[in-house]
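Okay, here we've got a single chain as C-alpha coordinates, the form predicted on its own, with questions on binding and movement later.
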(Lines give C-alpha, C1' and ligand atoms only; values in the text may rest on other atoms or scores of the structure.)
Protein backbone atom coordinates (compact mmCIF):
# COMPACT_ATOMS: atom_id res chain seq x y z
CA UNK A 1 0.00 0.00 0.00
CA UNK A 2 1.42 3.36 -1.03
CA UNK A 3 1.50 6.39 1.25
CA UNK A 4 -1.32 7.99 -0.76
CA UNK A 5 -3.45 4.86 -0.51
CA UNK A 6 -2.74 4.65 3.21
CA UNK A 7 -3.90 8.19 3.86
CA UNK A 8 -6.92 7.77 1.59
CA UNK A 9 -7.92 4.79 3.73
CA UNK A 10 -7.43 6.83 6.90
CA UNK A 11 -9.55 9.65 5.45
CA UNK A 12 -12.31 7.17 4.70
CA UNK A 13 -12.20 5.97 8.30
CA UNK A 14 -12.29 9.54 9.65
CA UNK A 15 -15.20 10.49 7.38
CA UNK A 16 -17.21 7.46 8.49
CA UNK A 17 -16.53 8.32 12.13
CA UNK A 18 -17.59 11.94 11.59
CA UNK A 19 -20.82 10.77 9.95
CA UNK A 20 -21.61 8.59 12.96
CA UNK A 21 -20.93 11.44 15.36
CA UNK A 22 -23.13 13.80 13.35
CA UNK A 23 -26.00 11.29 13.38
CA UNK A 24 -25.58 10.89 17.14
CA UNK A 25 -25.55 14.66 17.70
CA UNK A 26 -28.84 15.07 15.85
CA UNK A 27 -30.62 12.53 18.08
CA UNK A 28 -28.98 13.92 21.23
CA UNK A 29 -30.24 17.41 20.38
CA UNK A 30 -33.81 16.10 20.29
CA UNK A 31 -33.23 14.26 23.58
CA UNK A 32 -31.94 17.48 25.14
CA UNK A 33 -35.05 19.33 24.00
CA UNK A 34 -37.34 16.71 25.54
CA UNK A 35 -35.28 16.79 28.74
CA UNK A 36 -35.77 20.56 28.90
CA UNK A 37 -39.52 20.10 28.50
CA UNK A 38 -39.62 17.60 31.37
CA UNK A 39 -37.47 19.87 33.55
CA UNK A 40 -39.69 22.89 32.85
CA UNK A 41 -42.73 20.84 33.80
CA UNK A 42 -41.24 19.56 37.06
CA UNK A 43 -39.72 22.93 38.01
CA UNK A 44 -43.24 24.24 38.51
CA UNK A 45 -43.51 22.20 41.74
CA UNK A 46 -41.33 24.88 43.33
CA UNK A 47 -44.13 27.42 42.97
CA UNK A 48 -46.41 27.99 45.99
CA UNK A 49 -49.34 26.25 44.30
CA UNK A 50 -47.18 23.59 42.65
CA UNK A 51 -47.39 21.06 45.48
CA UNK A 52 -51.09 20.48 44.87
CA UNK A 53 -50.43 19.41 41.28
CA UNK A 54 -47.53 17.02 41.89
CA UNK A 55 -49.41 13.84 40.83
CA UNK A 56 -50.61 15.37 37.55
CA UNK A 57 -47.16 16.81 36.79
CA UNK A 58 -45.53 13.43 37.38
CA UNK A 59 -48.07 11.81 35.09
CA UNK A 60 -47.32 14.32 32.33
CA UNK A 61 -43.58 13.82 32.86
CA UNK A 62 -43.98 10.07 32.43
CA UNK A 63 -45.83 10.71 29.18
CA UNK A 64 -42.86 12.76 27.96
CA UNK A 65 -40.55 9.90 28.89
CA UNK A 66 -42.37 7.90 26.20
CA UNK A 67 -40.83 10.34 23.71
CA UNK A 68 -37.44 9.88 25.40
CA UNK A 69 -37.70 6.11 24.93
CA UNK A 70 -38.36 6.56 21.22
CA UNK A 71 -35.22 8.66 20.87
CA UNK A 72 -32.98 6.36 22.94
CA UNK A 73 -34.20 3.54 20.73
CA UNK A 74 -33.12 5.54 17.69
CA UNK A 75 -29.79 6.46 19.27
CA UNK A 76 -28.92 2.78 19.73
CA UNK A 77 -28.97 2.31 15.98
CA UNK A 78 -26.48 5.08 15.24
CA UNK A 79 -23.28 3.36 16.37
CA UNK A 80 -21.84 -0.16 16.83
CA UNK A 81 -22.90 -1.49 20.25
CA UNK A 82 -19.35 -2.45 21.18
CA UNK A 83 -18.19 1.16 20.66
CA UNK A 84 -20.40 2.66 23.37
CA UNK A 85 -17.56 4.41 25.20
CA UNK A 86 -16.05 5.70 21.96
CA UNK A 87 -19.07 7.99 21.58
CA UNK A 88 -20.18 8.22 25.20
CA UNK A 89 -19.12 11.86 25.49
CA UNK A 90 -21.91 12.89 23.10
CA UNK A 91 -24.80 11.68 25.29
CA UNK A 92 -23.19 11.60 28.74
CA UNK A 93 -24.59 14.97 29.86
CA UNK A 94 -28.13 14.42 28.59
CA UNK A 95 -28.20 10.89 30.04
CA UNK A 96 -27.18 12.26 33.45
CA UNK A 97 -29.90 14.90 33.12
CA UNK A 98 -32.50 12.29 32.21
CA UNK A 99 -31.38 10.08 35.11
CA UNK A 100 -31.94 13.05 37.42
CA UNK A 101 -35.37 13.75 35.94
CA UNK A 102 -36.41 10.11 36.33
CA UNK A 103 -35.14 10.17 39.91
CA UNK A 104 -37.04 13.41 40.60
CA UNK A 105 -40.31 11.99 39.27
CA UNK A 106 -39.94 8.84 41.36
CA UNK A 107 -39.07 10.88 44.45
CA UNK A 108 -42.10 13.14 44.01
CA UNK A 109 -44.29 10.06 43.62
CA UNK A 110 -42.90 7.89 46.41
CA UNK A 111 -40.29 9.95 48.32
CA UNK A 112 -37.80 7.14 47.72
CA UNK A 113 -34.58 6.75 45.75
CA UNK A 114 -34.94 5.33 42.27
CA UNK A 115 -32.66 2.40 41.47
CA UNK A 116 -30.33 2.31 38.50
CA UNK A 117 -32.45 -0.52 37.09
CA UNK A 118 -35.61 1.59 37.35
CA UNK A 119 -33.96 4.53 35.57
CA UNK A 120 -32.75 2.25 32.78
CA UNK A 121 -36.29 0.91 32.40
CA UNK A 122 -37.77 4.42 32.26
CA UNK A 123 -35.26 5.34 29.54
CA UNK A 124 -35.61 1.99 27.74
CA UNK A 125 -31.88 1.26 27.87
CA UNK A 126 -29.80 -1.51 29.42
CA UNK A 127 -28.08 -1.82 32.77
CA UNK A 128 -25.32 -4.23 31.71
CA UNK A 129 -22.61 -2.77 29.49
CA UNK A 130 -22.30 -6.10 27.68
CA UNK A 131 -25.75 -5.51 26.18
CA UNK A 132 -24.77 -2.29 24.41
CA UNK A 133 -26.41 1.06 25.07
CA UNK A 134 -26.69 1.19 28.84
CA UNK A 135 -26.87 3.50 31.86
CA UNK A 136 -23.32 3.83 33.10
CA UNK A 137 -23.19 3.65 36.90
CA UNK A 138 -21.37 7.00 37.11
CA UNK A 139 -24.05 8.67 34.95
CA UNK A 140 -26.67 7.27 37.33
CA UNK A 141 -24.80 8.59 40.37
CA UNK A 142 -24.39 12.01 38.74
CA UNK A 143 -28.16 12.11 38.21
CA UNK A 144 -28.77 11.24 41.86
CA UNK A 145 -26.45 14.07 42.97
CA UNK A 146 -28.34 16.54 40.77
CA UNK A 147 -31.50 15.31 42.52
CA UNK A 148 -29.99 16.18 45.91
CA UNK A 149 -29.41 19.75 44.77
CA UNK A 150 -32.96 19.99 43.46
CA UNK A 151 -34.39 18.68 46.74
CA UNK A 152 -32.44 21.23 48.78
CA UNK A 153 -34.20 23.91 46.75
CA UNK A 154 -37.53 22.12 47.21
CA UNK A 155 -37.03 22.10 50.98
CA UNK A 156 -36.71 25.89 51.03
CA UNK A 157 -39.70 26.42 48.77
CA UNK A 158 -41.80 23.98 50.80
CA UNK A 159 -41.57 26.30 53.79
CA UNK A 160 -42.63 29.24 51.64
CA UNK A 161 -45.64 27.20 50.51
CA UNK A 162 -46.54 26.33 54.11
CA UNK A 163 -45.59 22.66 53.81
CA UNK A 164 -43.48 22.25 56.94
CA UNK A 165 -43.35 18.47 56.98
CA UNK A 166 -41.69 18.06 53.61
CA UNK A 167 -38.31 19.64 54.59
CA UNK A 168 -38.03 17.16 57.47
CA UNK A 169 -38.61 14.22 55.13
CA UNK A 170 -36.21 15.64 52.57
CA UNK A 171 -33.61 16.07 55.31
CA UNK A 172 -33.87 12.40 56.30
CA UNK A 173 -33.65 11.34 52.65
CA UNK A 174 -30.61 13.50 51.89
CA UNK A 175 -28.80 12.35 55.02
CA UNK A 176 -29.32 8.73 53.97
CA UNK A 177 -28.06 9.63 50.51
CA UNK A 178 -24.98 11.28 51.97
CA UNK A 179 -24.27 8.20 54.10
CA UNK A 180 -24.54 6.04 51.01
CA UNK A 181 -22.11 8.14 49.00
CA UNK A 182 -19.62 8.05 51.87
CA UNK A 183 -19.35 4.31 51.28
CA UNK A 184 -18.11 4.88 47.73
CA UNK A 185 -14.49 5.38 46.75
CA UNK A 186 -15.08 7.82 43.90
CA UNK A 187 -12.26 7.99 41.36
CA UNK A 188 -14.11 10.02 38.74
CA UNK A 189 -13.03 13.66 39.20
CA UNK A 190 -16.25 15.31 37.89
CA UNK A 191 -18.30 12.97 40.05
CA UNK A 192 -16.16 13.75 43.11
CA UNK A 193 -16.63 17.47 42.54
CA UNK A 194 -20.37 16.98 42.23
CA UNK A 195 -20.34 14.91 45.41
CA UNK A 196 -18.58 17.78 47.20
CA UNK A 197 -21.67 19.85 46.39
CA UNK A 198 -23.80 17.34 48.33
CA UNK A 199 -22.21 18.63 51.56
CA UNK A 200 -23.62 22.09 50.84
CA UNK A 201 -27.03 20.60 50.04
CA UNK A 202 -27.02 18.80 53.40
CA UNK A 203 -26.04 22.00 55.21
CA UNK A 204 -28.70 24.04 53.39
CA UNK A 205 -31.44 21.60 54.34
CA UNK A 206 -30.20 21.40 57.93
CA UNK A 207 -30.55 25.19 58.15
CA UNK A 208 -34.14 24.94 56.95
CA UNK A 209 -34.94 22.25 59.52
CA UNK A 210 -33.19 24.24 62.25
CA UNK A 211 -35.24 27.30 61.35
CA UNK A 212 -38.43 25.25 61.61
CA UNK A 213 -37.30 23.94 65.00
CA UNK A 214 -36.57 27.46 66.30
CA UNK A 215 -40.01 28.58 65.21
CA UNK A 216 -41.55 25.55 66.93
CA UNK A 217 -43.01 24.23 63.68
CA UNK A 218 -41.02 20.99 63.66
CA UNK A 219 -42.15 20.21 67.21
CA UNK A 220 -45.76 20.84 66.24
CA UNK A 221 -45.42 18.34 63.39
CA UNK A 222 -43.95 15.73 65.74
CA UNK A 223 -46.90 16.25 68.09
CA UNK A 224 -49.37 15.85 65.24
CA UNK A 225 -47.54 12.69 64.12
CA UNK A 226 -47.90 11.18 67.57
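Positions refer to the first chain, counted from 1. Source: prediction; values computed, not measured.
There is also a form predicted together with another copy of the chain; it is not shown, and the following applies to it.
Contact check for residue 46: a heavy atom falls within 4.5 Å of another copy of the chain in the predicted complex.
When another copy of the chain is considered in the predicted complex, residue 23 lies well away from it, no heavy atom lying within 4.5 Å. Interface membership of residue 152, defined by any non-hydrogen atom within 4.5 Å of another copy of the chain in the predicted complex, is confirmed.
Heavy atoms of residue 114 reach within 4.5 Å of another copy of the chain in the predicted complex, making it an interface residue. Contacts between 23-41 and another copy of the chain, taken as any heavy atom within 4.5 Å in the predicted complex, involve 36, 39, 40.
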